[in-house]
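One chain is shown next in structure tokens, namely the form predicted alone.
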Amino acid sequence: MADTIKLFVNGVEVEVETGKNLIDAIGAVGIEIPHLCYHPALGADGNCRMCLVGIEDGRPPLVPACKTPAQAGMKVLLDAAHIKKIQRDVMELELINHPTDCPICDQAGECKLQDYYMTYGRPESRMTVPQVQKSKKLDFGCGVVHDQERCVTCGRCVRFCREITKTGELGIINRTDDARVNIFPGRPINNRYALNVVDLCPVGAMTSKDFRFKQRVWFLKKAPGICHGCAKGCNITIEHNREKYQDDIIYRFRPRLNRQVNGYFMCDAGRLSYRQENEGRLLAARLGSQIRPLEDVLAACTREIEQAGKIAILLSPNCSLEQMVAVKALAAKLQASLSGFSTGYIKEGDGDGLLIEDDKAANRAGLALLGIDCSRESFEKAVRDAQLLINFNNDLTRTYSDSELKKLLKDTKVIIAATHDDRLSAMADIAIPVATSSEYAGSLINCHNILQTFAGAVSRNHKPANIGEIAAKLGSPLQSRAEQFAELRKYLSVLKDFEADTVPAEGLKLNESEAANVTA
């Protein structure tokens, strides 16, 4: 537990964590100090002056809270008349040339300038000269669109490109009213984390071409989730909306703070992977090319299982731990070979040591934990020997060409439980639609051996079953998530004191002995 100190805020004693600046220390106990340029991941810049606070008996008596460490006995003034005047004056300065067109701004509803205007004084403009005109809809590259007229030159985007990605594409040019954030001539933003500048922007200056004017933010429902784009397991917020009589649609993924996994950021590829949750889905169960009710298709699967002499089962490395144990129990009951072969999910050299990993599977460590064979040789031998292959959403097209797949599967019937209607589901004799990671609850282990849980966020009009439920319907002894989670405790002693819905939001770091068993 961190050391704490006691100080006074507006005459009231509070206990805060030592070693933090005033914004973070006081903010942690629920007292906000307004700020525009400061961000915990970027450090203090001190250029907006919105966070000036009074220090009673201090020298100097006025300090920027972003640059001032909390000290024991300090007497901080936030609601004194001269502090309120500073806040109003800074707001007036920021709004001199800022367009007051909140109803048509893409940031309306999540704009700090808008929030502070409503909270700290609502100053009226005293300007009698026209506002300085600036450029709009500047394409900065990588899906970032900039409206200069709304920029408050806080510098967050500039510091992100210099300090985090270290690519330095952005800068503030000119001075005073002519100051602009811009790219260097002929050098647009070119990094894999560019859209984080949209999240960092406290106003409506940096916008996402992908999300721009697609949905009003106050209509969006927000739910926590885990990105399944690679083995990092970045924490995300899933933002979705169901319009009247329409299906629930995801409009964007945004990074969610987890200091031991991804911090404040996420990569653009993971951010835009929300599209896969909406598009190209397998929506109906099929026998061959015929759409049939799910009950009929499951009955046909049961017949195929009963008639098959040997059965091979293939698992996706993106399945949750609960799904994996359910399928493993099914394989044991059917005396089927079980494989997690998925080398096609690995893109050698694609990782960058920041948030992007070579392994594009979210839960390969789960396969190792459960002792599931992932070798190519054993998988191909099992398929050649089997009369039936049951594929639980493993994308074999990442590893094999169409001709190689047809050759491998030519003497084997295929049942696939898949999220998407693609070449693989088209080849299958039986296709069963299943839920994506945004539609069910589960847990996984990332590349740093941190076990994390996620909950279903999206509820479709025609809700597909998840892989664990399909495995149960095909005969797995583990019929519910509670039973599946109980089975996981046999492999992970760290779970003995937790239920599926009580695992800490930041995840559980596995101890050395447990981590040794899940090194992928």
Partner chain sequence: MSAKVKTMDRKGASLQERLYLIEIFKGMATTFGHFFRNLLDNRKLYVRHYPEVQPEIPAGWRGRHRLTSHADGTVKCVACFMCQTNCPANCIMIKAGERQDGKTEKMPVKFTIDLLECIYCGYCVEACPLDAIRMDTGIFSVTGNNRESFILELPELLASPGAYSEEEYKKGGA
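Residue numbers count along the first chain shown, from 1. If you're wondering where the values come from, they're calculated on a predicted model, not measured in any experiment.
A second form of this protein, the form predicted together with its partner chain, is not displayed here; the remarks below concern that form.
A.B. asks: 168 to 176, 183 to 191, 320 to 328, 244 to 252: which one contacts its partner chain in the predicted complex at 4.5 Å, heavy atom to heavy atom?
C.D. replies: Within 4.5 Å of the partner lies stretch 244 to 252.
A.B. asks: With a 4.5 Å heavy atom cut-off, would you call Arg275 a contact of its partner chain in the predicted complex?
C.D. replies: So Arg275 does not count as contacting its partner chain.
A.B. asks: How about Glu94: is it within 4.5 Å of its partner chain in the predicted complex, going by heavy atoms?
C.D. replies: So Glu94 does not count as contacting its partner chain.
A.B. asks: Is Lys381 close enough to its partner chain in the predicted complex to count, meaning some heavy atom within 4.5 Å?
C.D. replies: So Lys381 does not count as contacting its partner chain.
A.B. asks: Tell me, yes or no, whether Lys137 is in contact with its partner chain in the predicted complex, where a contact means a heavy atom of each within 4.5 Å.
C.D. replies: Taking the distances in the predicted complex, the answer for Lys137 is yes, it comes within 4.5 Å of its partner chain.
A.B. asks: Are Arg150, Phe213 and Phe219 jointly within 4.5 Å of its partner chain in the predicted complex, each by at least one heavy atom?
C.D. replies: Yes, the whole trio is in contact, each within 4.5 Å by some heavy atom.
A.B. asks: Going by heavy atom distances of 4.5 angstroms or less, which of Gly73, Pro130, Pro293, Pro103 would be at the interface with its partner chain in the predicted complex?
C.D. replies: The residue in contact is Pro103.
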